[in-house]
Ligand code: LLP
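Just one chain is shown here, as structure tokens, and it is the form predicted alone.
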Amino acid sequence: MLDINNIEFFGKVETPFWFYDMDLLRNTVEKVASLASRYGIDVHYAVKANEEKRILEYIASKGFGADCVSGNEVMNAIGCGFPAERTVFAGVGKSDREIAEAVRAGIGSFNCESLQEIYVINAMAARLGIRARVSVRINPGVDAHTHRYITTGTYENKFGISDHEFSDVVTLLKRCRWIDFTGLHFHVGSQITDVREVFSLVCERVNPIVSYFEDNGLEVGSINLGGGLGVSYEDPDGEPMADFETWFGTVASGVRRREGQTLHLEPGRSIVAQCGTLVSRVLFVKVGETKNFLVLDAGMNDLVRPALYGAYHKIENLSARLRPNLPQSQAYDVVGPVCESSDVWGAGRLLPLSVRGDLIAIRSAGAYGQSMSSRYNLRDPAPAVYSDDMHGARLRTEYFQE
């Protein structure tokens, strides 16, 4: 729960803004680092979840690697302290420029998602005279039981390579003289909450695939099971951390590792989601015939997940905590200011009686919030405010004075 002292401070800050609870981030990262050490698992933070400089620098300082999906993410991660040799570059559409820059940077691995990509990276490395390291991303044919837009591991998907191509992959990798094959990469989707069930099935599929490649003459040095661990959007205070214990334990016991093989995971959302809150303000209370609307100053340009996926985020009226004697259960459609009908935070949400100027918190927004924001409608980007450094926040000004 956001501290009441923060709420009083928030009232002085221009909204909307992103609030990051750095204590929770530190506790989460330390938990993951402890489990990684216990189970002998290498962790790479998925940069796409949140690429704020302070967050990246802190995670890098704890010895994590970086999982990137664009050339700019690769360069940003290295610039924030992630070692190049512990940086992996995934994604189905790497441009020639991105490949060349990453080869020159000496990254740990390209996660290749098609035969043609392997061929192109080999040719690019030969032209540059620099050997490149590659892993192959495999579709294990596992349904992650999540939203269709964030399911990535089924056989018919734009990501990864399916089993009917395995023989061709082996042949191509043996012919490529400018790449070093490092291992296999798997990722089945995001926001996975059936942790034991899904990842046990992933491990069952992974083991024979690893054996196939090794039996056909390719040494699989690393086994990367990607990320996807889900968080509780419904109860961020009751479940401030994801179920890392089950995730690490299931993977560590389920994957067969011979001596010398390394096992990797790539958490993103589960590291940063709960530490971030989008703080907004009620601009207007609109009374309709059958429903009431709260119109906020934060919109889908700030946090697109509800409009894009129909994603749920818990909504709280922070100001109402300072007036507990007023009615506590009113139904509102909470909407944003963007000129799109999909700019809706939640329909029929039960909140305390709300008025113009109230502070509203949209919780669990640390992942895929700020990183996916835009300037649609030419709206200003919301700034970041950190719990341990709030003096730099942009304070409110009075636009109209008596």
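Quick note: we count residues from 1 along the sequence shown, nothing fancier. These figures come from a predicted structure and were not determined experimentally.
This protein has a second form, the form predicted in complex with this ligand, left out of what is shown; the following refers to that one.
Within this chain, K48 lines the site of this ligand in the predicted complex, having a heavy atom no more than 4.5 Å away. Contact check for L229: a heavy atom falls within 4.5 Å of this ligand in the predicted complex. V355 falls outside the set of residues with a heavy atom inside 4.5 Å of this ligand in the predicted complex. Taking the partner from the other structure, this ligand in the predicted complex has no heavy atom within 4.5 Å of any heavy atom of D302. Annotation: in the predicted complex, residues G268, Y309 and Y368 each come within 4.5 Å of this ligand through at least one heavy atom. Only one of 174 to 182, 327 to 335, 221 to 229, 206 to 214 lies within 4.5 Å of this ligand in the predicted complex by heavy atoms, and it is 221 to 229.
Of the candidates A90, V202, A77, A298, A90 is the one whose heavy atoms come within 4.5 Å of this ligand in the predicted complex; the others do not. A heavy atom within 4.5 Å of this ligand in the predicted complex is found for one listed residue only; from R281, H187, R86, K94, this is H187.
Of the residues in 56 to 88, only D67 comes within 4.5 Å of this ligand in the predicted complex through at least one heavy atom.
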